[in-house]
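What follows is a pair of forms of the same protein chain, given separately as structure tokens and numbered structure 1 and structure 2.
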Structure 1
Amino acid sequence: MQFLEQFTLKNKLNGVSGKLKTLFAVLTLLVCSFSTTFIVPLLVFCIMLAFTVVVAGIPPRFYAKLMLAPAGFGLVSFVLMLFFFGKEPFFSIHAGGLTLTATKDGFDMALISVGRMLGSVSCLLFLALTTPMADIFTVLKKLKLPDVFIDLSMLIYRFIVVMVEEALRMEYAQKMRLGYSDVKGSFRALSLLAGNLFVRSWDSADKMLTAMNSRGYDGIIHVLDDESPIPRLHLLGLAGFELVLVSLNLILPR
């Protein structure tokens, strides 16, 4: 299984400032979320897709797998809004004595909502696939967020990765011993996996705390900070890009 962290360390944008990538993703996400036309979120989705897959070099198949769940959720939301929201009739579908009427305002609402969702998810995927978590935590420290919040986030992220890797190893070992050969065996293997995973996670956390204390842990996890400023030309380009998106929101019809 390929983890996101593998791509954040090996992508072609790894040398770009983490602060710049975070600023780019967050500002674009905000513009996309408050967009009043579906064209801007669609444009954001295409741009982020190009930056993530073409520029950063993330495998298209892996990116498609990550987008599969949001796209499915968006499709369901689109159908529900189309047929169950709004008042102005658009078209009707007759099936088995049942008539479903789509509405024009429901269609417009669904188009904008699904567009915002896909555009916003593409922004988050760009950030998650091109920026190491250490850089993101550095940005959070620059924003003066509480140290407790940042430290907990770092520890939670670390143990999610550890637990997933451990669970995959245990599951593979169980499959090699035919632990999932039938329904009864599957339930038994799953219960054993969950119990052993909890014990091993607890033991791993205890060992980590001992290691941190032995290295002078004082209640704050210190992260190496990149003090180099963002180039002014990059900031001007980012500002121009966001200004174009905002202008399109104001110019294009709603």
Structure 2
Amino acid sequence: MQFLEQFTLKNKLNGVSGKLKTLFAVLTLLVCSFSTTFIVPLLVFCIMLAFTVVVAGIPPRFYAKLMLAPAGFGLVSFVLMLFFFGKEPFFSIHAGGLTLTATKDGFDMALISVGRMLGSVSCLLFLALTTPMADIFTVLKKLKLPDVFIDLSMLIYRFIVVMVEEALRMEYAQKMRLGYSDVKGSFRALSLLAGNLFVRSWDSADKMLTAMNSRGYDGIIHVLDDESPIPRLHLLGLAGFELVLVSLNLILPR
């Protein structure tokens, strides 16, 4: 089973502080989504792409696959905005007695929104592909999010995998006995699987609580976090980078 997660555990940016990577992705994402020019988001896209594929060494094919869905969505939005938003005529297409008129302000809007979208997605992909979940939880803790929220996310993160594995095992067991051979049977098998999975999850949650209690669980999950600080130089570099992006926004024409 290929989870995105496998890449976070083995990429060339593993040595870099997880906190730094999270800050880098999130701050850039913010700057990108508030940009007033399409140049900054496109720049962000290129930089993030370079960081993810070239620096971190994520296989380009895999990255392209992940990008495909948002890019397709972006293309559709671009066309829609170009032709159906705005007032100022730009150019027209005549096709089979139909006239489609693109608008100038629609074009600008399309450029900015699609740019922002691509930039933001590339930020999130950078985070998802290079930063282990444990590091992200540490950042969330540092941000003083409620313990319940963090504890729950940690447990969900761990048990999603356990549950998926369990579900796959059940599915194989069903398929082995021709569980999904026709439509009606598929529905029946799927409903059995879902019900069974629920009961088993309940059961294993119970057992896990017993196991946690036996190690002195007191209602809050205490675990060791990575306390190493972000190197000053990296922090300065990050601040400089974000400043450049913001000032580009101010200098470049809207």
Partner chain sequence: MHALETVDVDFRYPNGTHALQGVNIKIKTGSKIAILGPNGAGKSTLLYLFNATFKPTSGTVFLNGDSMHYDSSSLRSIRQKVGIVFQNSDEQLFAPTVKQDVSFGPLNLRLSVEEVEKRVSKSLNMVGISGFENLPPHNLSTGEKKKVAIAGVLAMEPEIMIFDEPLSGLDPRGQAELTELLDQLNADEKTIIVTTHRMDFAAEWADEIWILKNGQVIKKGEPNEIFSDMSLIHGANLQVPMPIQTHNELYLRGFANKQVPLSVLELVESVIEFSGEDEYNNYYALAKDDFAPHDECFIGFENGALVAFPEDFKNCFARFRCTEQVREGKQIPIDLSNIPEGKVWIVRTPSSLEGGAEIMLVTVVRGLIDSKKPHRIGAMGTVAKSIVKNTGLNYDFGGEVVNSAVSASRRGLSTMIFATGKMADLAAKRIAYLNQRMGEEICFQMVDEEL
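Owing to the predicted nature of the structure, the values given are computational and were not obtained by experimental measurement. Please note that residue numbering is based on structure 1, beginning with 1 at the start of its sequence. C-alpha atoms forming the largest set that superposes within 1.5 Å between two forms make up the rigid core.
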Of the two forms shown alone, the one predicted alone:
1
Core aligned, does the CA of Gly57 move at least 2 Å between structures 1 and 2?
no
Compare the position of the CA of Trp202 between structures 1 and 2 after a rigid core fit and state whether the shift reaches 2 Å.
yes
Taking the rigid core as the superposition reference, indicate whether the CA of Phe187 shifts 2 angstroms or more between structures 1 and 2.
yes
Once the rigid core is matched, what's the CA displacement of Arg177 between structures 1 and 2 in angstrom?
8.8
